[in-house]
Ligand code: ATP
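Here's a solo chain for you in structure tokens, the form predicted alone.
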């Protein structure tokens, strides 16, 4: 009996600025994985979403497009937003946040790994010495206040942090499950010494930890965590925290391993997931071939792993090994001190994936 190829329907959102450029390299590597494995297929459907679409149609993410996207097995998303394109309240276009909230993508996964000693501003660290995962709760926290009603007071503005037991428990369990696949340490980052919401957050963490006696735990205030990330990043395995704290610390972590072009991400829910580089749209370098596609390519690996088919998991392994081998011997793109274009680096990684089979 002939084995049928597994088919996955993927929604692709190239986005704005450098988004289309890095997505092109991610899809190039995905195509190489598909050809190398020979047992899985990917059906791609592109969706115009973002600041450019807002300028064109008045909607950054229409209800129709959202309905179509949610039918996909996974969503691969480029950078979205342009600094000069803003909503009437002064905030930037952010349909990626809409996707997180409307699809209930509570687990914001941000793996950070050093691939070459020259990529980090810290002294004395070599490839692999910095290797941790930051998990941010992506549907609540301080970000949730953007959906709240605003007081009609021209002289005052306030934002409220929302922490629920349900939201906290599920993201903590995701963190503990990640730790079980790694070095079995979870660090809770909060501000429980000042904020009652964070004290509540910590109590729930400690309660969930009782179900994972095989995983070590520790607590750090967010300011102390920022300090230790710079002084002893190798001491972290899995970090779990609130939405805003995670947003800030994940960028700090990216700076430790080469910058935002090295930072993949996944926003994962019970039945849906979005994968994207953690960087912005960088319109100042768009169209010049200067973007670093590594974060997007590693986000493709996260997506393949999440699809949880034996062959897609193997594809994720091939991609990570290719990135590790290429960047161990190649300076990379200009943000890493090299001279390669996005396309050239994508070609090198694709050829390495192909050569592994």
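Just so we're clear, the structure is a prediction, and the values are computed from it rather than from any experiment. Residue numbers count along the first chain shown, from 1.
Only in words, not in the display: the form predicted together with this ligand, which the text now covers.
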Would you check, heavy atoms only and a 4.5 Å threshold, whether residue 292 touches this ligand in the predicted bound form?
yes
Taking heavy atoms and a 4.5 Å cut-off, does residue 284 contact this ligand in the predicted bound form?
yes
With the cut-off set at 4.5 Å between non-hydrogen atoms, does residue 260 touch this ligand in the predicted bound form?
yes
Any non-hydrogen atom of residue 167 within 4.5 angstroms of this ligand in the predicted bound form
no
The chain here is shown without this ligand. Which stretch in 192-200, 208-216, 274-282, 228-236 comes within 4.5 angstroms of it in the predicted bound form, by heavy atom distance?
274-282
Can you list, in sequence order, the residues from 326-356 that come within 4.5 Å of this ligand in the predicted bound form, counting heavy atoms only?
335
